[in-house]
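Form predicted alone, single chain, as structure tokens, below.
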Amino acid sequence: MSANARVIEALLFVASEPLDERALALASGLSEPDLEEGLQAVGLRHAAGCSGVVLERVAEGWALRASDETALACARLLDQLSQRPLSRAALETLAVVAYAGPVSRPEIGRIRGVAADAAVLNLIERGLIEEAGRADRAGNPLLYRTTTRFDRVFGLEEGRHSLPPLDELGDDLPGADEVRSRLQAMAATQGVSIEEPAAVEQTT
């Protein structure tokens, strides 16, 4: 496989979401012909029956996905991982998405004060948050919201309507004061009402 193809393969491997041709070109520095040739090579290497992962064209671009023959084993692993306790970063991120969502990764990062990429991916893998379209602003970043599984896990019978007032956020959550103040500031700026689920103090 060519050097160009290896670069594209690595970019798709580390990306937490599909990458379109523009994103791949910007990151790799490849011209359109080199990019097309590289994608073809990656596709051949990761064709069904040849690899445990396959190159897949999706609406948002290109992504590496588990092949049909390995999907069940991958699902078992993700199910095992979903039973592990949530990290502090994941808890804070989940709290932000729960009542500020739909919200983008950059917004989550600004509220928490640190990048949220790893925490968001963790929560997606657990089925606690999901994509909710793209924001209608520069860059069109992906938006995230909590899932019906989140409602079930944390006992929210009416979804967001079951969330208690923000000022009831328990201080057991690491960084609770900071998260609370940032969320309140966001609510004031956007003129929205956001509430904190006391359930974020639990773990899954």
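The model shown is predicted, which means the values in this text are computed figures rather than measured ones. Residue indices: 1-based, along the sequence shown.
The form predicted together with a further copy of the same chain exists for this protein as well; it is not shown, and the discussion that follows is about that form.
- For A66, a non-hydrogen atom is located within 4.5 Å of a further copy of the same chain in the model of the complex, even though that partner is not displayed.
- Looking at R145, you'd find every heavy atom of it more than 4.5 angstroms from a further copy of the same chain in the model of the complex.
- a further copy of the same chain in the model of the complex comes within 4.5 Å of no heavy atom belonging to P141.
- In the model of the complex, at least one heavy atom of T70 sits within 4.5 Å of a heavy atom of a further copy of the same chain.
- Counting a residue when any of its non-hydrogen atoms is within 4.5 Å of a further copy of the same chain in the model of the complex, the hits in 45-69 run R45, H46, G49, C50, S51, G52, V53, L64, R65, A66, E69.
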